[in-house]
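Just the one chain here, laid out as structure tokens, in the form predicted alone.
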């Protein structure tokens, strides 16, 4: 891929991580197209604002017109009832990939989640081939997204980097996040590497900083050239002093998905 992308699409641009990445991605593209169902504010110098419901296929076709690469953060980011997750995370992902196929988009960075493997024990160390064990409706939707992206690469050659993002916040706030925390700088560098790596095929990478202890092995994503620089360790004392400490037999202390493994069941809608 060329050093500067002609038109880069960022979905979910009004969300938490979308707001973080919006100014950081702008220098990577001649045009940064921003989409969300929420208010996107005013357009910057090289920005295009295109509000879009991921569940609307015709709107997605328009959204993908002329797009070279996508950073797909759009969708529901919390667990809950199935219907909203279905529209945004399942129907929306299908619409994204089918629109990308029809419009000729070649690379997608898909914001997957650690919750596709949330029912693995915290004592396990996982790589890209770990058995999928989602911990809720949200995790199930991300499993669908990973499967769809695999199909669209095998059948149509659309490259995808599935970023199994851990916990990307200003700082870790509990014991689990000491392992899953992903700093904003490391997230930015991951996205940059995934956009510019010469070939990515279909890659799964765990999005976590250089934390201790570490649950995830990214050796099978080494071709991305991404090496996290930050660590949760400098926050340990602050976290220990302020976090709620759960008993060792609490499910959130046993499984990688943390509190997600205890949520639900949810109403259908």
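These numbers were taken from a predicted model, which means no experiment stands behind them. Residue numbers count along the first chain shown, from 1.
Another form exists, predicted together with a small molecule; not displayed. Remarks below refer to it.
Checking 93, 73, 191, 108 for any heavy atom within 4.5 Å of the small molecule in the predicted complex turns up a single hit: 73. In summary, among the residues 140, 130, 165, 178, the only one with a non-hydrogen atom within 4.5 Å of the small molecule in the predicted complex is 165. Within 4.5 Å of the small molecule in the predicted complex, a heavy atom is found for all three of 14, 88 and 169. Put simply, residue 112 is close to the small molecule in the predicted complex: some heavy atom of it is within 4.5 Å. Of the heavy atoms in residue 52, some are within 4.5 Å of the small molecule in the predicted complex. Put simply, residue 230 is far from the small molecule in the predicted complex: not one heavy atom of it is within 4.5 Å. When contacts are judged by a 4.5 Å heavy atom cut-off, residue 36 counts as touching the small molecule in the predicted complex. Note that among 198 to 206, 221 to 229, 36 to 44, 235 to 243, the stretch whose heavy atoms approach the small molecule to within 4.5 Å in the predicted complex is 36 to 44.
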